[in-house]
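We begin with a single chain expressed as structure tokens, specifically the form predicted alone.
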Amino acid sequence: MSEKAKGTNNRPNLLDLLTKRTVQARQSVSTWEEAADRVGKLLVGAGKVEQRYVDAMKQVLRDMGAYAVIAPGIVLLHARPEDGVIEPTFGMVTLATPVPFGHPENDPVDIVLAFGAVDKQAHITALQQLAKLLMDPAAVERIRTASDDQELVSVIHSLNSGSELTSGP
């Protein structure tokens, strides 16, 4: 990872972790499990997590409830580092048709995010940057309306133009 791509304290930036290999737009799924599998498949395919991490993300949601639905239409899936994270990662899948995750106020979900952390600190910068991004309704709308994978990647990277996402917290 280049020095420029790192966040503060040598922590990876969100833009470094959300790559064309870990982003898909307008996917069709029928259930939250399929949505979790879809984003998890990206992370496994990129060599960032083991399949057991995807299974652990789904189990966390089953055990803990829909707390991971962090805003209207947005879920942030994760599990513990020891559940199979190989290196820090973020994945994003937008859904053609939203699906319920079981949250009483924020369902249905059409933006599925997943992250894998190798420890309790390395992902902090990327999570802070994600929070900034998700607090911007125009940015979220651009993500939702991206028509294909390339456009979604372009949208995410264009949001960097004001240095919001690479300047750290």
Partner chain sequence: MRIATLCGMGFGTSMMLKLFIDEILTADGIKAQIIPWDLGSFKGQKVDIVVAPTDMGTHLKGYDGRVVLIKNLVDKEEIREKILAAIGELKDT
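This structure is a prediction, so every number in the text was calculated from the model and none was measured. Residue numbers count along the first chain shown, from 1.
One more form of this protein, predicted in complex with its partner chain, exists but is not displayed; see below.
- This chain lacks the partner; the member of Ala117, Leu42, Ala139, Val29 within 4.5 angstroms of its partner chain in the predicted complex by a non-hydrogen atom is Ala117.
- Taking non-hydrogen atoms only, Met92 never approaches its partner chain to within 4.5 angstroms in the predicted complex.
- With a 4.5 Å cutoff on heavy atoms, Arg38 does not count as touching its partner chain in the predicted complex; it lies far away.
- In the predicted complex, its partner chain sits within 4.5 Å of a heavy atom of Pro72.
- In the predicted complex, its partner chain lies farther than 4.5 Å from every heavy atom of Gly47.
- In the predicted complex, the residues of 54-86 lying within 4.5 Å of its partner chain by at least one heavy atom are, in order, Val60, Met64, Gly65, Ala66, Tyr67, Ile70, Ala71, Pro72, Leu76, His78, Ala79, Arg80, Pro81.
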